[in-house]
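Presented as structure tokens, the chain that follows is alone, the form predicted alone.
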Amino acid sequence: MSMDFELRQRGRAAIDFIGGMGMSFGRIGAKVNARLAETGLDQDANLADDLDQRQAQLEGALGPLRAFRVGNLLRDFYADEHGRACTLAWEELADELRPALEAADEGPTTLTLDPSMEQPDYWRKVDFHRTRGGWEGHPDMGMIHGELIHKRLVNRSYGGDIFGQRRRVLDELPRKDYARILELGTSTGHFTTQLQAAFPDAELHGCDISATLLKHARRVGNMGGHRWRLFQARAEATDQPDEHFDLVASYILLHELPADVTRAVFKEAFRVLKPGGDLLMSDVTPYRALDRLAQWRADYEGTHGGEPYWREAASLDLAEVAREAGFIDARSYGLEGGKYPWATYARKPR
């Protein structure tokens, strides 16, 4: 989707303020790292095996440090206010942009909603990313999340090109001739857009629990002139035909799910894939690929950032989960020798 719009002064200032907070984390982090070095807690050998014990150990050492407390305060403020700032920016523009959005509701992309779908507790009861009310917390959350939070804030605040990462992970796939693709966790269509670019001749299907986010993904598809087939469903229960797809893929979905649901998602992907079909799941770095200090940092960020299932997800061996579901040739690794994105590839046997 290409929406060219300028933020109003108040909304722009709110987003700039929240985004600018990230500039301070480097200096704060340097002071925290210095304290860890002083206490020897920057060395794995001095850190507890158990993650909860390690957390108590590190918080005991860092708690008196003012930089650590200030960093936590800023982190909490960012988590609580980033969605609010982007909502404010949108509401200043809503009347102006509404006609263009409504026009984009019509086009070649289709959306099938399921008003009878029961929203699972793992989704309904969570304000993911500490977004107030969760993904259905605002009737225009698709616009707010897809065009403001992601494009105007997250892509600026976090290292790396979050959209380029979505494109690069698709280079890991062994084929270019997928005829029918199913994306799990479509959200507002960022990964769908990259799937379209990588496989322009494929028939793209995408599902998500959130009707609000899917409605915006439909606009993205329509504004691009794409014939996406979007539908509301849980990734572990898509209600799609057996052996129907050549590729099942997701990007940054699994860390939003409890471990037992992730296992069910892999079984569902196996069911709907044709024999010989491919699976590609990209998500957060597993703890086994991190040293003990990095594990604690990731766990701490997840706990305080509105990610209730982060530890479960990061503790899974997704290649083994794939093998348990029946896949072969399963492997799980960081792209280009790095830690993120972390890709899991597997194939359904013929």
Ligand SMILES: C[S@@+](CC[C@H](N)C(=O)[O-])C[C@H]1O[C@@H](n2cnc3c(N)ncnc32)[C@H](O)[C@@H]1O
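Residues carry their position along the shown sequence, with the first being 1. Values in this document were obtained by computation on a predicted structure and should not be read as measured data.
Below, we refer to the form predicted in complex with the ligand, which is not included among the displayed structures.
Though the partner is left out of this view, Asp246 does not reach within 4.5 Å of the ligand in the predicted complex, counting heavy atoms only.
The shortest heavy atom separation between Glu147 and the ligand in the predicted complex exceeds 4.5 Å. In the predicted complex, the ligand lies within 4.5 Å of some heavy atom of Gly185. In the predicted complex, none of the heavy atoms of Ile181 sits within 4.5 Å of a heavy atom of the ligand. Contact here is defined as any heavy atom lying within 4.5 Å of the ligand in the predicted complex, and by that definition not a single one of Phe199, His226 and Asp278 is a contact residue. The contact residue chosen from Ala235, Met141, Leu273, Val220 relative to the ligand in the predicted complex is Ala235, the criterion being a non-hydrogen atom within 4.5 angstroms.
Contact with the ligand in the predicted complex, defined as a heavy atom within 4.5 Å, holds for exactly one of Leu88, Ile252, Leu101, Leu153, namely Ile252. Shown alone, this chain has one stretch from 171-179, 93-101, 106-114, 120-128 that lies within 4.5 Å of the ligand in the predicted complex by heavy atoms: 120-128.
Shown without its partner, the chain has Arg166 as the single residue in segment 164-182 with a non-hydrogen atom within 4.5 angstroms of the ligand in the predicted complex.
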